[in-house]
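The chain below stands alone and is given as structure tokens, in the form predicted alone.
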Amino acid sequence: MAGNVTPLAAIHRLLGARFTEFGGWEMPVQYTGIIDEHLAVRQRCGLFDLSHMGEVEIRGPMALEFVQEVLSNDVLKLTPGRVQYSLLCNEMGGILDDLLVYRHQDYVTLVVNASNTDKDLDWLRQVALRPRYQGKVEILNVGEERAILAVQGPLAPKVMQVVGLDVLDLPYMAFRLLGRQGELMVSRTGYTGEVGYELYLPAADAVTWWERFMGVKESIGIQPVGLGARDTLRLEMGYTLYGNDIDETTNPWEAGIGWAVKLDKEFIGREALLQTKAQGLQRCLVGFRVDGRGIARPGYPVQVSDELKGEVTSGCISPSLDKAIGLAYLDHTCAEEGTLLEVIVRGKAVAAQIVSLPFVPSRVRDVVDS
């Protein structure tokens, strides 16, 4: 299997992981099984290797102004130590990527999707060539020397405490620099809907930290989790996946992430998005539950009263609900909760209906926030 590998690839093989290609990387898709790993995160704690994700630092005297111009959300509202979800858009308002913004005292870290890292870097460097930024903004691809681990689940705070990480007072969407020189960045973030933390660290330290976390497997019940369960976990939350549910052809409001767009500030793509919003929604991304027999897969047509009204973008069997669920773009005229649908599964119409999101309750705030 061709592709990049993370610093933990050898450990994944020793654990018997099955691998898949994802975003140009060879990644573990499962170890003991997707359902088992999914339920471990919902009930106890899971450990993820997310080192394929991109990590970009924006430095220089105009770093903050630069980020404010290229991202849809209002970075100026962030205080140092806080994290924000935002969108990187092109001039036409198309979504180049969705990402996390980490505001430091004098620079900004962007955590981007693996499959978009090169594209994002090209775009950022292109904007940085504009006269106002020349010599005042530096774009650094630090992800090549870094690794990312995620600890997710109701027992995640206990795990962090046992391994000696002083982060239990971190509120949701906040981070702290640890280590002798601040080389370890720990945030209370994740894409599972559970209480969790993400660690950004030097690649050379990845094995040490992985083994430290796995050292509490017997006492706390943490276990490794692959990309398969990461996908089912995020889908139960109704979280979008770039390339499936959002891309350069989708707009933020139809995808349900318009809250990450602040039209009262200037940013690249703003004018186009103003026009898009003024035109109103033509379609909406909705959550649906399959009531008949069958699993909805991306690309499957969706009908309402025997008329084609959209298509599936994500789908799976929910391990928590033991039911097939999914996301689909539907004509806005039939996108209300409770609407009866038919998903065409291998040529057969299967009954489904629109339900509210998330499919299962989020618990990201289940520890005391400050």
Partner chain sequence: MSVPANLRYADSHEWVKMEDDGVIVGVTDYAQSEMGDIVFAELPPVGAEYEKGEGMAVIESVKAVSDIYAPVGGTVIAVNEALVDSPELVNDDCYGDGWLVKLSLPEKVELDELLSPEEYEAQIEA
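Quick caveat, the model's predicted, so the values are computed rather than measured. Positions refer to the first chain, counted from 1.
As for the form predicted in complex with the partner chain, it is not shown, yet the points below apply to it.
Visitor: Which one, 302 to 310, 31 to 39, 331 to 339, 59 to 67, holds residues whose non-hydrogen atoms are within 4.5 Å of the partner chain in the predicted complex?
Guide: Heavy atoms within 4.5 Å of the partner chain in the predicted complex occur in 31 to 39.
Visitor: At the 4.5 Å heavy atom threshold, is Val163 in contact with the partner chain in the predicted complex?
Guide: Contact with the partner chain, no.
Visitor: Quick one: does Thr240 come within 4.5 Å of the partner chain in the predicted complex, counting heavy atoms only?
Guide: Thr240 lies outside the contact set for the partner chain.
Visitor: With the partner left out of view, is Lys348 within 4.5 angstroms of the partner chain in the predicted complex by any non-hydrogen atom?
Guide: Yes, contact at 4.5 Å.
Visitor: Heavy atom to heavy atom, is Asp120 within 4.5 Å of the partner chain in the predicted complex?
Guide: Result no; Asp120 lies far from the partner chain in the predicted complex.
Visitor: Exactly one of Gly294, Pro154, Pro171, Gly256 has a non-hydrogen atom within 4.5 Å of the partner chain in the predicted complex; which residue is it?
Guide: Partner contact (heavy atom, 4.5 Å) among the options: Gly294.
Visitor: Though the partner chain is not shown, can you say which of Gln223, Asn116, Thr232, Thr250 has a heavy atom within 4.5 Å of it in the predicted complex?
Guide: Contact check passes for Thr232.
Visitor: At a 4.5 angstroms cut-off on non-hydrogen atoms, which residues of 317 to 331 are near the partner chain in the predicted complex? List them in order.
Guide: Only Ile317 sits within 4.5 Å of the partner.
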